[in-house]
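Next comes just one chain, in structure tokens: the form predicted on its own.
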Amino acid sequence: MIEVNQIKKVYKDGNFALKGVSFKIDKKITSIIGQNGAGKTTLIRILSTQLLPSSGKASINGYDVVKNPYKVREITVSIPQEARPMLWYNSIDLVRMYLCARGMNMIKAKPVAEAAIKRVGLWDSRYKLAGDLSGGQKRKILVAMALASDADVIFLDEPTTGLDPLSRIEVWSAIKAIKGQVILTTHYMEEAQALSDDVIMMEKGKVISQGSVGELLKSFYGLVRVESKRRIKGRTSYKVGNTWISYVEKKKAESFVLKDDIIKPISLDDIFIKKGVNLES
């Protein structure tokens, strides 16, 4: 259980990164989504004891993140977006060293590291130095560290950045196999939709909604998204670049669509479309 109560973070220049964030998380996998600057990474850094809040309280499995930081670190793992593996070791050695740093002995750490490397699809490259791997493969090593840790709570900040579609699916599978609770931030809405039992949406330092994917998309029930070069009459439309986006009933979609129009199923992207662009009416 993660409990956050009125967490605020204000920097020396007076800018607020978090403006009184509150929520409870007790689901297996929770995604925190939001546009750049929403406060997602700041929140993760506070929960993983890397950054002190300006005010408010947060606890993980009953341990206060400010008063009991060492207890929190014992039961959590955090893989930040900017993390990079050391380039002069291979993937198995890197995961093995990470486990030893967390208190596991070298002998026990080896098979655990090997199992984690297999899970993320790096087995064929296990003896290559990290410096010789692609950016996506380097990212997989970090995910493997989190998998191998067997921590109660794992924070993953943009875990599949730089991965190709196939590698992303491999990492999704590995994330689902994690025994502990997973909290991840992501810009990929299909990732949040594929993985999440719970979704927290943030905007400008505040939580604006929380729920399952189905609950968040309830207002779109029975609709599809139409992308067009023209504005559809009789429908509220949103202009993104040179594209007009409208939402119409599935059964009536064909009557609105012209040759070059595109019909897409509703996804979490649509929440951002409705909140992130100026309404053209």
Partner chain sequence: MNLNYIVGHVVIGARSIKVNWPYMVSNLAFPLSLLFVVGILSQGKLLPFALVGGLLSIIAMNGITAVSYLGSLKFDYIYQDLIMTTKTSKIDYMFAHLLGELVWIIPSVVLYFVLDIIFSILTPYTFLMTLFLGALVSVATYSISFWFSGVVKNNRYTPAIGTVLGLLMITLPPTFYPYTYLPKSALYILTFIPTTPAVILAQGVFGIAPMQWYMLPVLIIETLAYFLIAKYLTKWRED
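Numbering follows the first chain given and starts at 1. None of these values were measured; they are calculated from a predicted model.
From this point on, the text means the form predicted together with its partner chain, which you will not see here.
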**Asked** Every residue in S196, E215 and V224 with a non-hydrogen atom within 4.5 Å of its partner chain in the predicted complex?
**Response** no
**Heavy atom within 4.5 Å of its partner chain in the predicted complex - the one residue of M189, C100, V112, L133 that qualifies** = C100
**Request:** Select from the listed residues A177, I208, L166, L87 the one whose heavy atoms reach within 4.5 Å of its partner chain in the predicted complex.
**Result:** L87
**Asked** M145: heavy atom within 4.5 Å of its partner chain in the predicted complex?
**Response** yes
**Message:** I'd like to know whether D150 contacts its partner chain in the predicted complex, with contact meaning heavy atoms within 4.5 angstroms.
**Reply:** no
**Asked** Using 4.5 Å between non-hydrogen atoms, is G121 touching its partner chain in the predicted complex?
**Response** no
**Asked** Could you tell me if I232 has a non-hydrogen atom within 4.5 Å of its partner chain in the predicted complex?
**Response** no
**Asked** Among 198-206, 180-188, 156-164, 79-87, which stretch has residues with heavy atoms no more than 4.5 Å from its partner chain in the predicted complex?
**Response** 79-87
**Residues within 4.5 Å of its partner chain in the predicted complex, restricted to 58-73 and counted by heavy atom** = V65, V66, P69, R73
